[in-house]
Structure formats: C-alpha cells, structure tokens
Ligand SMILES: NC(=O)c1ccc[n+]([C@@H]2O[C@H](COP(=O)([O-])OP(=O)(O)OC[C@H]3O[C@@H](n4cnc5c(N)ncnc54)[C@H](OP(=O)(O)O)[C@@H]3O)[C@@H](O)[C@H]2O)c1
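This document opens with one chain alone, in structure tokens, the form predicted alone.
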Amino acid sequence: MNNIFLSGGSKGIGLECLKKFSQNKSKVVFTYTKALEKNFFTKNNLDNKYVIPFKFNSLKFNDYKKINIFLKKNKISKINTLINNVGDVLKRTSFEESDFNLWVNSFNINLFSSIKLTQVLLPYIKKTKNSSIINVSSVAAKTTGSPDSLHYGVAKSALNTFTLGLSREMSIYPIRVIAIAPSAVNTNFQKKYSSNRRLKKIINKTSLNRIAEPYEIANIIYSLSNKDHSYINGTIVEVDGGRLA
C-alpha cells in the first residue's frame, strides 16, 4: 500500500485527490484547518481504512514538529508521494495598492509552506522507491497574475523554480519532483475570488471553452505520481485547457 501525504485535502482539488488516491487503495494523510463536516466521510464516499485526517495549520511554522509525532502515532514510517496543495490568492488588488504584508503572507502560503513540509517529510520520502513530490502551482506563474494578483503569480513562479531546482538535487535518490499548473478550476476558490466576468474572459481565451473540474486536476496528479510515469521529472505540467493568455 502506498502512503500519500496531502496538504489541504478537505475541499477543491485536494478533496478530489483524497478521493482518487484512497479509492485506489492508497493510505492518505491529509491536512485540514477548519472542522470537517460530521458526514465528511460518507458524503465523499471515503473509507477511513485509507484516509487519515490531520488537523494542522500549514502557516504555523513552529508546529511542524507535530507532523513527526502524528506519523509515528499512526505507524507511518515512509511516504511514496507528497502533494503540496495548500495555496491561496488571499485577495485581489493591484501592486500599487497592495501592502507588504500581503506579499509576505502570499509567499508563506504559496511557497514556504511547501518548502517547510518537504523538508520535514523528506526523510520519509527517501525510504521509498519511485517516490515523488508534486507541487500544485498555477498558470498565474506564467500569466503573472496581473493586474490584480501579482503577489500570487510571483509566489507560484517561485514555487516553480523551487520545483525545478529540487528535482536536480533529489536525482541522487532518485525522487521525482514535479509541479502542476492549472488554469481556473471550478472550486470555491473561483467563487470567492473570480467574478463571472473574469471567468468568461478566461473561458474565451481557452480552447476547450470551459474551466476545469477539480477531479480532472486530481486525475493528472494521480497519474503523475504513478510509477508508470517514472520518466516525468523536473518539469511544470500545464493543465490549462489550451489557454492562450
């Protein structure tokens, strides 16, 4: 049985990853911050034999030692795939009107949480064969996120650089390191931060004439983690439906 560690698995892309991996008989530890719904497992057709919830705030960097304690308690000594999924745009604003705290917070959630989690879990990942680290980036790293979320685009661009650099360093084990860069996805993220007008503009620039569904992104993440794709490494996989800009 493969062991998966997934940050941010209670909703959106993370939840679909949780479903996909656990339904394929992988044991998945997933982090969440807010209380789960009482019927979370039954509503999402999850088997607690394969799914292990871990209430953890990725932004509390002094608390990362709790991860080792949690894994030991659950008798998990190795990890096959780490999925760094936590991220957020936080707010939409121009660079001129943004304050420095927004930039700090954006880098904390979109970059440093992935770096910190990878550092903590690397000893577990090194124990497995055909292991992988998959970072959830964004097409915003290429489009820059301007004119209203440059802070997000720059942070995701840094995550991409981290991915590429880490893949070279991890080649000695070998551990594959990949980033996936979706365009707009039909999640609460879009409902919170994107107006209908904004989404319409994105759709008009996308060859498939729609935004992605979260399960489509999860399917690709699952596929990339599989040993059948063991030659895919050190790259940014764009999943944008043919978005032109």
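Start at 1 with the first residue shown and count on from there. Because the structure is a prediction, the values reported are computed rather than measured.
What comes next is about the form predicted in complex with this ligand, which is not displayed.
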query	finding
S22, P53 and K227 all contacting this ligand in the predicted bound form, non-hydrogen atom within 4.5 Å	no
Proximity of V185 to this ligand in the predicted bound form, heavy atoms at 4.5 Å	yes
4.5 Å heavy atom contact, N219 and this ligand in the predicted bound form	no
Partner proximity in the predicted bound form: S131 to this ligand, non-hydrogen atom cutoff 4.5 Å	no
Interface membership of S26, this ligand in the predicted bound form, 4.5 Å heavy atom rule	no
Sole residue of V120, A158, I125, I109 within 4.5 Å of this ligand in the predicted bound form, by heavy atom	I109
Of L71, L150, M170, V86, the one that lies within 4.5 Å of this ligand in the predicted bound form (heavy atoms)	V86
Stretch in contact, per heavy atom within 4.5 angstroms of this ligand in the predicted bound form, of 78-86, 162-170, 94-102, 142-150	78-86
Sequence-ordered residues of 16-34 touching this ligand in the predicted bound form, heavy atom within 4.5 Å	T31, Y32, T33, K34
